[in-house]
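Listed next as structure tokens is one chain, alone, in the form predicted on its own.
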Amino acid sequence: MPMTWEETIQYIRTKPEYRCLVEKAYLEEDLPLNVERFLKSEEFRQTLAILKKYQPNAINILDIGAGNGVSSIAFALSGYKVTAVEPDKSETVGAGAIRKLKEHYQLSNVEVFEAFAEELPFPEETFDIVYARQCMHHARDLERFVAEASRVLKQGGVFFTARDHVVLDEQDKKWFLDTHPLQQFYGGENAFTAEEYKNAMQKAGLQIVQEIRHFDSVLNYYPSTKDEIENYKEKQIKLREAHLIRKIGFLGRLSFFKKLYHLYLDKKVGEILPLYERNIPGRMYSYLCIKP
């Protein structure tokens, strides 16, 4: 019988081989430590920059699928009035954890509701921003999830989703689920295609402003760093060009032939390389939408 999400996290906290995952996913038992680390993260800095750019005067933010509250509390400490929605009651990974953090930081600008995203208990056009971090891919009904987010969003408001798993097809989804480190314990992972996400947003009347792909931003490729990604790119370029030299000799050293070879490989694979998204199981995307 599968574990619950809470049981899974409690279990992996006791296993040294999952130590890095627990830390990088902000799932430490020390809840304030998770918040302090998230507050300082490049992901959160970029999130704030995006929200300030598109909704500079926003006050009310709805955090859907808020989990243990790292983002909700970070937003509250940054001056927003936050409504956190999380269906799990857990005091370590769910709504109970958010309430503990609210008390710890003595925050009066955070409210916590136990509900699913498909059934939001709020009137229409309540929030300036609806934010969903790593939760849209868990939707029981993707179209209803997005429709509810759109319903409670004010006209001109921003719907921002961060770090959702994207798959190419069912075979790709199976690969992602088979390789996910926690799927074996609780069986609750999921993913959709980019087309399914975008269709749900458009059907809900949202205008997609940005589709941020896996390697476009640290928002998605964290816990890798920008330097790590750049180093990986350089290594792949060198491998490509070494292969070209082996094929055509000294001509492969000329910039003209290097450029042609890169264009050929990009077209052959269907992606601009040397960063192959398809080599990443369940690669992550983020979406920025506006409600017209």
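Residue positions are given as counts along the sequence shown, with the first one as 1. What you are looking at is a predicted structure, and each value in this text was computed from that prediction instead of being measured.
The discussion below concerns the form predicted together with a small molecule, not included here.
*Asks:* Name the residue from 102, 173, 151, 138 that puts a heavy atom within 4.5 Å of the small molecule in the predicted bound form.
*Replies:* It is 138.
*Asks:* Pick from 127, 75, 197, 145: which has a non-hydrogen atom within 4.5 Å of the small molecule in the predicted bound form?
*Replies:* Looking at the other structure, the residue within range turns out to be 145.
*Asks:* Test of understanding: in the predicted bound form, would residue 87 fall inside 4.5 Å of the small molecule by heavy atoms?
*Replies:* Taking the distances in the predicted bound form, the answer for residue 87 is yes, it comes within 4.5 Å of the small molecule.
*Asks:* Even though the small molecule is not shown here, does residue 134 get within 4.5 Å of it in the predicted bound form, heavy atoms only?
*Replies:* Result yes; residue 134 sits at the interface with the small molecule in the predicted bound form.
*Asks:* Is residue 115 part of the interface with the small molecule in the predicted bound form - any heavy atom within 4.5 Å?
*Replies:* Taking the distances in the predicted bound form, the answer for residue 115 is yes, it comes within 4.5 Å of the small molecule.
*Asks:* Answer for residue 64 alone: is it within 4.5 Å of the small molecule in the predicted bound form, judged on heavy atom distances?
*Replies:* Judged by the heavy-atom cut-off of 4.5 Å, residue 64 is in contact with the small molecule in the predicted bound form.
*Asks:* Counting any heavy atom within 4.5 Å as contact, can you tell me which stretch out of 251-259, 64-72, 46-54, 237-245 lines the small molecule in the predicted bound form?
*Replies:* Every other range fails; the passing one is 64-72.
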